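Shown below, as structure tokens, is a lone chain in the form predicted on its own; questions about how it binds or moves come after it.
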């Protein structure tokens, strides 16, 4: 895309910087260069950036901590809005908490447990943001965002509004509050008062994560959605693909549901490996795996 001088000036006025490395913004540590990067300091920064891009047909994408994202080797010729820093601290009112969507889900979950609240303890090991969790209906060990999310403030079509969440708004790794349909700004969670088990439950879940997941290598978490009646990792291992590599991308030897970057992977390596895993699993088991990773 051709960017004229006035657009460069408008981007700079918003606080955007040029030529940001996507490999440094995503947990896979792969990807080319983003033309512009904005770290918003206010909700109006996000609104103004989205409006500028829409009015000038500039591609843009919303990115949290980049923990469920695969960025293209070719980069992104547009604006990345990196919403990974809270604009304000969480606001507590009894068992209710309102958090900025740039807040770390891991930190918020741990803080709620410390405050004697229950409902987020099973989510404490998920490394993304509150916004990313709402956009994916993040879950782990029997806990999901949809169980506790009551209201969400979204930017949609230039309109900023609070929406009451209904039972049909979120499903398994799906949400109507995901980009580009909506930009999540704040979320309100209804928790419960701890009955004395939240801290222990959190520690058990954290230990399971450390024991079973390849946290020592760059990845984007679970690569595939759980197919009905199966577990993706078990199917992949059953097909003899545990440890299978293409370039620097590998099916984890610790948990076959994860694809990891062993140090030199490119997006092309990871994409080819994902496609190969889907092909082999379909051929040998009849099950079609679906990636849950978002792409830039």
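Numbering follows the first chain given and starts at 1. Predicted model, so just to flag it, every value in this text is computed and none were measured.
Omitted here: the form predicted together with a small molecule. The next part is about that form.
Student: Please pick out the stretch from 109-117, 159-167, 86-94, 178-186 that is in contact with the small molecule in the model of the complex, where contact means heavy atoms within 4.5 Å.
Tutor: One stretch meets the cut-off, namely 178-186.
Student: Which of 173, 146, 226, 151 has a heavy atom within 4.5 Å of the small molecule in the model of the complex?
Tutor: So the residue touching the small molecule in the model of the complex, by this definition, is 173.
Student: Scan 266, 238, 245, 67 and let me know which has any heavy atom within 4.5 Å of the small molecule in the model of the complex.
Tutor: Checking each option against the small molecule in the model of the complex, the one that comes within 4.5 Å is 67.
Student: Is every one of 14, 16 and 56 within 4.5 Å of the small molecule in the model of the complex, counting heavy atoms?
Tutor: No, the candidate spot makes no contact with the small molecule.
Student: In the model of the complex, does residue 139 have a heavy atom within 4.5 Å of the small molecule?
Tutor: Heavy-atom contact with the small molecule at 4.5 Å: present for residue 139.
Student: Hey, in the model of the complex, is residue 199 touching the small molecule, heavy atoms inside 4.5 Å?
Tutor: Residue 199 lies outside the contact set for the small molecule.
Student: Can you tell me if residue 30 lies within 4.5 angstroms of the small molecule in the model of the complex, counting non-hydrogen atoms only?
Tutor: Flag for residue 30 set to no.
Student: According to a 4.5 angstroms non-hydrogen atom cut-off, is residue 71 in contact with the small molecule in the model of the complex?
Tutor: No, no contact at 4.5 Å.
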